[in-house]
Ligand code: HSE
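One chain is shown next in C-alpha cells, namely the form predicted alone.
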C-alpha cells in the first residue's frame, strides 16, 4: 500500500511562491528522508496562469480558481503568499473555515490583524504558522516560541530590513550618498521600484509588532511603535559617527522594563562599532534577543529573497505536517488591547543618548549658547566634535553627544536651537543605542 501524501495548496505564485514550489517539487525525496513526510503540492492558485516562472509545475495543478483549493478536502495545508491585507485576510479566513491549517509570510496582515486571525484559527481548531513573516530564512519565530520558551524576554534589538541595511552599509563602507546607495539596492533587486515601505521604517515595524507580540505575550499593533525611517540620513553624519566610534543601523527595538512597561521603536541608531550588530552588512538581517535565563542570543542570516523565505515557508509546512505547530499554536494567546494599552510606553518617556549636529556661525561664543540651551533643559554633554570648514558663509558643523536623557528634553532643546540666530539649518538628531552584551 502506498504511503499517503500530505497535500498542500498554494495561493500566490510570485517570487516566494515559486521558491516554495521549487523546494516541494525538487527536494521532496530529501525532505521525506529527513522527516518521514511525503509532501505533495496539489494545487497552485494565482490570477496570472500564463506568466513564466522559474519552476515548472506538473500539468493540471495551476489554476485561477480559489474554490478548487478550498473545496478539495484532501488538501490539508493552505499557503497564503499573495501579500497585502484585505484579500489575503479573506483567503486565510476561508482556508480556516474550509478546515485547512494555514502557512503565511504576510507580515503586514499579521501585524495589523494577527490576533483576529489567531482567534479564528482557534475556533476552527486549526493553526496558523508564520515563520516566514519575519527575517526571511532566519528561524526567529521558532526560536522565540520553543528554543527560548523557558525565558522571560527582556529585550529585542533587530536589523529587520535588508534594503535599509544594504543602503546604510554602502553609505558607511563605500562612502556613497543615500540616493546612490538606494539606486544600487534597486539595481541588485534588494529594493523595490517604490522603496517607501522599506526606507520609511514601516516594514521593520510590522516585523517588530509580530516579534514583540509573541515575545511579550500581548497584542501589539503597528500604531504602538514609534517609527522613523532612513530617508533623511546624510552621508556626513555617518562619517562623523564613524569618527566617534559609531555605526549607523536601522534598528527595531522592543524593551520590557522591570515594572512591565513596553517600549517599541524603529529608528536610525548609532551603535558602538564593536557591537556584533554593527558588523551585519549588506542585505542580511540579525536579531539579538535577551532572556532572563539565557542572557543574550543572536540570530543572523538572509532576511528576504525567494529561497530563504521559501525555506521558512516549507519549514512551517513540515512543522504542521508533523503535528508540532498545532500543539504549540493552542498556547498562542495574547493579552488583548484593553488590558495592555496602558503599558505601552511613549517615545517622549524614553531615555537615551543623542548625537546632535548643528550648522552654526563660525564666531566666538557659539558653544556658550549651545551649552546654555542644553543646561536649560537639564541635558549634559559627554562629547563634542567640530571640524574646520572653509566656506564663504562662515558656517561650521558642531556635533555634541549627550549623556542619557529623556526624549522630551531633547525635543524641547532642538526647538530652542532652531530659534537661535547662530544656527543656520535644521538641527540633526540621531539616537545612540547602547546595546548590552554578555561578558564573563
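As the structure is a prediction and not an experimental result, all values here were calculated from the model. Numbering follows the first chain given and starts at 1. Just so we're on the same page, rigid core means the largest C-alpha set that superposes within 1.5 Å between forms.
As for the form predicted together with the ligand, it is not shown, yet the points below apply to it.
None of the heavy atoms of residue 265 is located within 4.5 Å of the ligand in the predicted bound form. Of the heavy atoms in residue 201, none are within 4.5 Å of the ligand in the predicted bound form. Although the partner is absent here, residue 192 is a contact residue: one of its heavy atoms lies within 4.5 angstroms of the ligand in the predicted bound form.
None of the heavy atoms of residue 256 is located within 4.5 Å of the ligand in the predicted bound form. Only one of 221-229, 159-167, 240-248, 113-121 places residue heavy atoms within 4.5 angstroms of the ligand in the predicted bound form, namely 159-167. Interface residue among 356, 314, 304, 271, judged by heavy atoms within 4.5 Å of the ligand in the predicted bound form: 304. Residues of 228-242 placing a heavy atom within 4.5 Å of the ligand in the predicted bound form: none. In the core-superposed comparison between this form and the one not shown, the C-alpha atom of residue 210 has shifted by less than 2 angstroms. Core-superposed comparison between this form and the one not shown: the CA of residue 280 stays below a 2 Å shift. Core-superposed comparison between this form and the one not shown: the C-alpha position of residue 191 differs by no less than 2 Å.
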